[in-house]
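The chain below stands alone, shown as structure tokens; this is the form predicted on its own.
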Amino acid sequence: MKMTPAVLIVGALMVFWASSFIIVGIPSMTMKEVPSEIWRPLTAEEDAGRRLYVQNGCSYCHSLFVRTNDWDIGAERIAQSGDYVGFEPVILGTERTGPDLSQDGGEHPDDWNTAHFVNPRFTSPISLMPSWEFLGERKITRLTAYVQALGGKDADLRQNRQKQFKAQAVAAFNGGADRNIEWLHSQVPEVWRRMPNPYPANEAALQRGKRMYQEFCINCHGPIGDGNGPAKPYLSPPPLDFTTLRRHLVENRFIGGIFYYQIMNGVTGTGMPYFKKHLESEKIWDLANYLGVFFLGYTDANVEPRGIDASFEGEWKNTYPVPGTEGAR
């Protein structure tokens, strides 16, 4: 066949329309406007927040869908077409400069989200996200409402859990420092409350812990661990003052497991999020050692009961005595 301009144009059009049908036509024909099991309509407040999300280009950095190959980022649920029924236009986003938000509802309480939108560094010290304080309080409330709705009925369950535990956390805080610590520790399973830190608090471990603290914790708990970070005015109850833990060490010399559990799992209802998707095991233990050494003056690293040391660990002796006792343990 002789190649002529007419044949070239017709061939190009055929390729274009065939591709368009495969990419657009077939998905459109197979998509069903049937809500998924977690779908629910947005309230007026949430829909106003969605418009703010679109207008301010949040989709440039955040996606609103989870793929089958996203299990490695801690995905809880794969996105379905029924999750987006009635959302016009559907702004899914393609970039993940920030985390995916499709299931973000109820991951944090409302006050954490408010602090985050005012200045993301308040809650995530190394965040690249710009401040949205210019939106004003009313619009930030609406944006928070939309984010808290992401995940539909699953998000509602998480939100209810946040509110349930927030009431308990606020009551415990208002009961004084001792009552607050008692409540926080009571939320940690017994096996963790009696578990020492299995890693030595040597110089390398403390430097790693310091880095973790600066990257994730400092703007809530403050540079000296007294809970006076810049996020404090927005959070209820406020961030924990680690120095209030000292008086509890004589009765319970184990702090490693308590720190680990609450860093890993967070404290639902408070501004303390979980970090099990951000930090692997050793980093959490190193952070626990850093909190103990620099804010309490004590760590239970390598006290009994202990197991076999990891191959990379050198000799180390715990020289941090329990406050109120004599000598190192």
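What you are looking at is a predicted structure, and each value in this text was computed from that prediction instead of being measured. The numbering used is simple: start at 1 and walk along the sequence shown.
Another form exists, predicted together with a small molecule; not displayed. Remarks below refer to it.
Q: W71, L92 and Q159: each with a heavy atom within 4.5 Å of the small molecule in the predicted complex?
A: Verified in the predicted complex; spot residues all out of contact, no.
Q: For the chain seen here without its partner, which of 82 to 90, 229 to 237, 191 to 199, 151 to 159 has a heavy atom within 4.5 Å of the small molecule in the predicted complex?
A: Of the stretches listed, the one contacting the partner is 229 to 237.
Q: I'd like to check something about G225: if you look in the predicted complex, is any of its heavy atoms closer than or equal to 4.5 Å to a heavy atom of the small molecule?
A: Answer no; every heavy atom of G225 is more than 4.5 Å from the small molecule in the predicted complex.
Q: Do I78 and the small molecule come within 4.5 Å of each other in the predicted complex, heavy atoms counted?
A: No - in the predicted complex, heavy atoms of I78 and the small molecule never come within 4.5 Å of each other.
Q: Can any non-hydrogen atom of C220 be found within 4.5 angstroms of the small molecule in the predicted complex?
A: Judged by the heavy-atom cut-off of 4.5 Å, C220 is in contact with the small molecule in the predicted complex.
Q: Consider L287 of the chain shown here, and say whether it contacts the small molecule in the predicted complex, taking contact as heavy atoms within 4.5 Å.
A: So L287 counts as contacting the small molecule.
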